[in-house]
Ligand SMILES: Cc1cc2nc3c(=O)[nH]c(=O)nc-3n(C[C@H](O)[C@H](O)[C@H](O)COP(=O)(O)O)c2cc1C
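Just the one chain here, the form predicted alone, laid out as structure tokens.
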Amino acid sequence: MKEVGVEFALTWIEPGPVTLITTNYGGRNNVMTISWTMAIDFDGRMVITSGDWNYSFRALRANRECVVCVPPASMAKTVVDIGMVSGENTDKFRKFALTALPAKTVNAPLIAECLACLECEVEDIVEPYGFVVMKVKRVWVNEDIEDRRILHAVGDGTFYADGERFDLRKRMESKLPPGL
């Protein structure tokens, strides 16, 4: 083994997947890129990390809802470009040719080009870390998208796309909640 700097720790534990978080703020749809996402239980709770510097974070704080969308790896360049522009002065749906679909329980839109979209309500915001704790209310899956690879950020501007699936369900069945 070769020791490297502490700054490289993030590149080994970045949880992924890269997500697109949609909000509707002041009657206008917006989307941001977030790679810091984490499931925290089997009851549909998850956490993303953001902060006041981010226009979408202000929308999350004000409206307490969003949609977490999982883009396919084929959208990698678009996903990065979305994260490089502020929604405060840009209509990102138009700029990046994203198709907004209506959600059922929140005002934020689903993104048709994504593999999955999770309608969420914000349960808590944990300062000073900018942890946004959310409860998933509905899950939508787009089975028509051919690229099933999920994009993972390393944290240094590089990404991996998974693709190989290992089905070890039988080995851990006793730990899985009913219906999963």
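Note that the structure is a prediction, hence the values are computed from the model and not measured. Numbering starts at 1 and runs along the sequence shown.
One more form of this protein should be noted, the form predicted together with the ligand, which is absent from this view; the next part is about it.
Across the proposed site, Asn63, Leu118 and Val122 without exception lack any heavy atom within 4.5 Å of the ligand in the model of the complex. The ligand in the model of the complex is approached by Thr49, whose closest heavy atom lies within 4.5 angstroms of it. In the model of the complex, the ligand lies farther than 4.5 Å from every heavy atom of Pro109. The ligand is not shown here, but in the model of the complex it comes within 4.5 Å of a heavy atom of Val80.
Proximity of Met84 to the ligand in the model of the complex: non-hydrogen atoms within 4.5 Å are present. Shown alone, this chain has one stretch from 132-140, 34-42, 109-117, 63-71 that lies within 4.5 Å of the ligand in the model of the complex by heavy atoms: 34-42. Residues of 37-67 that come within 4.5 Å of the ligand in the model of the complex, judged by any heavy atom, are Thr49, Ser50, Gly51, Trp53, Asn54, Tyr55, Ser56 in sequence order.
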